[in-house]
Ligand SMILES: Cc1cc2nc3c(=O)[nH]c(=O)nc-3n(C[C@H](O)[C@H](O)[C@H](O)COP(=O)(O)OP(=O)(O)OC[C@H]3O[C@@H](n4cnc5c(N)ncnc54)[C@H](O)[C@@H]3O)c2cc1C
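A single chain, nothing else alongside it, follows as structure tokens in the form predicted on its own.
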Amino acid sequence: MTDVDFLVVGAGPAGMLTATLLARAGFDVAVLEKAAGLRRSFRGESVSPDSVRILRDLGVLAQVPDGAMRTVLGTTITDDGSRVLTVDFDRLLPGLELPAEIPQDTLLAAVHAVACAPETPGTVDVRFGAKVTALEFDGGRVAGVRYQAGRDERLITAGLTIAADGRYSTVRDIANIEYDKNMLARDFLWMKVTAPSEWDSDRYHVRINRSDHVVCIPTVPDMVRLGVNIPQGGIRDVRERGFDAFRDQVAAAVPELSDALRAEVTGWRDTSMLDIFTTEAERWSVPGLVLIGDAAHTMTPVLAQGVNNAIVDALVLTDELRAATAPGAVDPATADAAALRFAELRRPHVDAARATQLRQEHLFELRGLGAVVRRLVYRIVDHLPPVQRRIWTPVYYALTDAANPASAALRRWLEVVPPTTAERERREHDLD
């Protein structure tokens, strides 16, 4: 007899959505989160169209307060002072969802609200300040975890443990699951400024100025989030040149934001470092344990695929578990088989998304003659909408493929699991 049906480690998007969907199917779930709460800063806020559709269909977006989400209409790339590529998302596949920007704490609170809806037959017990210290085994199978809560060490057992604890996964390391780590040529320094009135806040903007590359992302409520590339491992050199020199470098790449940068980004404390790498776990599961999201496959920030793949992982894994097991009677062998099936279904799609990301990363890295070729490629794509659809559809609109396992999983969820009141009201509103 276990304490809960399923145990989730990590209360990010992958972990909270996994727990919520399992509870919607009637299971009792515990979530361990080492942080003190759901509040996040400089975390993934970009939600791809596929994930927007999933979250809307499952009733999560109905829980997001008005004004707490921004819709993004397109992307513009400016290279060496000239606009070289514009992508309008509503023209790729008209009538489908658009990307959205949602602060991660807002998104997590909305997911949690669905978990707590009166119609949810199962339970989600989120335990904050819980740091996993060891795995508990029963006959060679993971049967739960030991964790530190304040000064106390506690044990919790489950039919299956789901590690959603991010790119530096503690559970993955404790389980001795090997993974390949690929350090990329650059890291990011993040910062936020207020968007001036003349700034186009409905689009992603990429500015390339010789070796400088800045990504500008619209952010709730009226901000711009900037990701500034620096050489991989080069933060010490950047700091040695001084903060003013760094800020001037950013302002040169995005002159429209120079006044806001000088007024609001006044020191290193206003920036946040993100080292960029990808990882791929050799195995996504071992008996009693499955990895999802960044714990299984860390993505780069390009094309905002980290949160998207985490959400899709949660959808596909819970669909497999819901179909194979029953609340209060999670059979170990059946749960392990479902975890293996999940990895088999998802790995090819994650690999394809990562390959697209890395191709874009390599384009950003080009210098000299290579940069000339990059600008030419962007300009050609700019004039060929069919090529744009071929590039972006598999990344942003994979659910349009009825054979995609995530598409099938979402369809089954909507057929089998009763909607919450908020979902039902949203669907009625859409019909009107």
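Here the structure is a predicted model, which means the values were calculated and not measured. Residue positions are given as counts along the sequence shown, with the first one as 1.
Although it is not shown, the form predicted together with the ligand is what the next lines describe.
*Asks:* Give a yes/no on whether Leu32 approaches the ligand to within 4.5 Å in the model of the complex, heavy atoms considered.
*Replies:* The answer is yes: Leu32 has a heavy atom within 4.5 Å of the ligand.
*Asks:* Though only this chain appears here, would Leu274 touch the ligand in the model of the complex if you measure heavy atom gaps against 4.5 Å?
*Replies:* Within the cut-off, so yes.
*Asks:* Answer for Ser46 alone: is it within 4.5 Å of the ligand in the model of the complex, judged on heavy atom distances?
*Replies:* Yes, contact at 4.5 Å.
*Asks:* With a cut-off of 4.5 Å between heavy atoms, is Gly166 one of the residues that contacts the ligand in the model of the complex?
*Replies:* Because a heavy atom of Gly166 falls inside 4.5 Å of the ligand in the model of the complex, the answer is yes.
*Asks:* Work out which of Gln305, Asn229, Thr325, Thr219 lies within 4.5 Å of the ligand in the model of the complex, going by heavy atoms.
*Replies:* Here the answer is residue option Gln305.
*Asks:* Which is the contacting stretch out of 126-134, 260-268, 332-340, 195-203, given heavy atoms within 4.5 Å of the ligand in the model of the complex?
*Replies:* Stretch with heavy atoms near the partner: 126-134.
*Asks:* So which bits of 220-237 sit within 4.5 Å of the ligand in the model of the complex, heavy atoms only?
*Replies:* Residue within 4.5 Å: Arg225 only.
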